[in-house]
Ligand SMILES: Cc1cc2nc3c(=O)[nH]c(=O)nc-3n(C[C@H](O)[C@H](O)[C@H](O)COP(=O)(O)OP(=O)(O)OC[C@H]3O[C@@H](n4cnc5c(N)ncnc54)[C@H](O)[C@@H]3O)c2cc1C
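Take a look at this single chain in structure tokens; it is the form predicted on its own.
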């Protein structure tokens, strides 16, 4: 075999696995990405490294919150300056869906689950404190409608930077990757697969023992184009974000401000975050009904965010001070049976209207689990669905452990060790990868 593992998809799960396997000294590991590393959802997140406070409302997600909080502590230690602590103010207004006692209990368990995560515990705030930490909040609303407020801590990140650093660190450890490259054909052979790869029109054939389909929203499209029936049905969840210029909140010392989590009357939650010199606001939760490449934010999503901003925030010339609007697509696996055994040829003309992509949901999207689903679609071909950015390294470790055992390589992960990130060397050799790229988010 030419390769032990071929990874398809250069988002955070793909490069995270590449980095994990390379840190285990597994040879013959290669990744292909059809565009640029982190050019999909992994550069279009809400930029948070967090446990997910609101996920505590769902008992089936407590395990995910625990894992994410411990990964948050590790990433804060490993990637200083790229992952940074972020204070949050959490105001509670009259009529909010979640009363103060629910918030207080949630924050208690959030701190408890995080253990010694290196961040301060939650504490109550008075009106004077919240005005200091969050000068962008509507002061009249605070004075007349606020009934409680709390301060708690999470972290934020340069999401695309982490993905590119992980890819380059993997290369230093012996792995490899190609951009602008697609897998056009997959054939099962004895003990593995024969794969056709197209790199800018240049085709080549390689053999590999294992394939990991880490293409996120494109996972099921890949499988169908390779002639493989997906076992997991998913929903594509579109999230829109607005980046405002610093001038949207004049006189604020943006680097000394806290973020806020706003509870909307419809049950949704949006974040307003000081993000490396600008203000980041989002996200929405719409169901995408089209192919997830080159998407533009829906006007209804922008209208929703601007309306909620007007209700709760005190922004100056909000429309004029929009710096950027971007949207990303989350692949959310659904817990429902899929008994399809054959591919209908008509699906190939409109894959995203096939039964493997759901267009309607009989419950709120926010109630869906954010846990990662790892599915061995056919023997030796593994697909990764869903998940949170924060837990990507832990998912890479679990899958890396499984693959190294299958390859009969006794090894442990090294992605938790600072020396396997090569930050100082990479900063000297490739300083450009340490800068977040707006063009990736808009590609």
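Numbering follows the first chain given and starts at 1. Here the structure is a predicted model, which means the values were calculated and not measured.
Missing here is the form predicted in complex with the ligand; even so, the following discussion is about that form.
Of the residues given (181, 354, 138, 286), 181 alone sits with a heavy atom within 4.5 Å of the ligand in the model of the complex. The partner is absent here, but in the model of the complex a heavy atom of 34, alone among 416, 34, 70, 30, sits within 4.5 Å of the ligand. Contact with the ligand in the model of the complex, defined as a heavy atom within 4.5 Å, is made by all three of 41, 47 and 214.
In short, of 58 to 66, 22 to 30, 400 to 408, 383 to 391 it is 383 to 391 that has heavy atoms within 4.5 Å of the ligand in the model of the complex.
Not displayed here, the ligand is approached by residue 328 to within 4.5 Å at the level of heavy atoms in the model of the complex. A residue is said to contact a partner when one of its heavy atoms sits within 4.5 Å of a partner heavy atom; residue 106 fails this definition for the ligand in the model of the complex, lying far away. Using a 4.5 Å cutoff between non-hydrogen atoms, residue 218 counts as a contact of the ligand in the model of the complex.
Under a 4.5 angstroms non-hydrogen atom cutoff, the ligand in the model of the complex lacks residue 164 among its neighbouring residues. Of the residues in 1 to 30, those that come within 4.5 Å of the ligand in the model of the complex through at least one heavy atom are, in sequence order, 8, 9, 10, 11, 12, 13, 14.
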